[in-house]
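Heads up, the chain below is alone and in the form predicted alone; it's given as structure tokens.
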């Protein structure tokens, strides 16, 4: 028999989280394959506030307990996120797996997290002590290390509504479905007039966290396309030095070469 709590409101869930040692259970797709099973679960799939997919002036607000399928099928969801979700596992897993679980698992291979990094998404965290908004890149402190207190819940993902239309996304895996990323890449590009106004690049499944180097991106911001072309080799050289992959299922050399090839493809797509 499963031991756990099944709150129907956020406040009830936060009270339980403050008073008991519990493991959050959204869809359970990661928990059920783990060797060590927690003693007590906190089921969050009946909390309306954590299931919503709504919009405000600036953000699409995605409840942490919304499943991949629910996000994929929602008309508010940006296409860039739909592309990533469509390559997560298989439909049966997408029907159960949740957005918050993909983030809370703390893996640099999490497909949705790569998009959140590049899009400058934020997380809404809550506890009985109050709420706070955290930038996604500040939330990840290392492999399986999160800026999440013992009594806090991930309630919502705040994905910017604008500036995500021109993108390049690639996931490199061992097969077309049910594949864990060997390398994943996303680049987002924008122009205002004849100047580059947005250049956002993130690499997944390469290091202990998703990699994004805003200081290198800044090299191209404000440049014309011709000026950017003149800086292209400097730009690529900076990434060659900055990307320090880990080895694992694939070699670090393979990961770095693939990252740089995808980066170059992204630049060429945008005439740089």
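Numbering follows the first chain given and starts at 1. Source: prediction; values computed, not measured.
Beyond the structure shown, there is the form predicted together with a small molecule, which is absent from this document and is the topic of what follows.
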| property | result |
| --- | --- |
| Selected contact from 24, 10, 260, 250, since only one has a non-hydrogen atom within 4.5 angstroms of the small molecule in the model of the complex | 24 |
| Contact residue in the model of the complex, chosen from 183, 88, 118, 123 - any heavy atom within 4.5 Å of the small molecule | 88 |
| Candidate stretches 73-81, 192-200, 88-96, 159-167 - the one whose heavy atoms come within 4.5 Å of the small molecule in the model of the complex | 88-96 |
| Touches the small molecule in the model of the complex: residue 134 (any heavy atom, 4.5 Å) | no |
| 4.5 Å heavy atom contact, residue 127 to the small molecule in the model of the complex | no |
| Contact test in the model of the complex: residue 29 vs the small molecule, heavy atoms, 4.5 Å | yes |
| Residue contact check: residue 153 to the small molecule in the model of the complex, 4.5 Å heavy atom | yes |
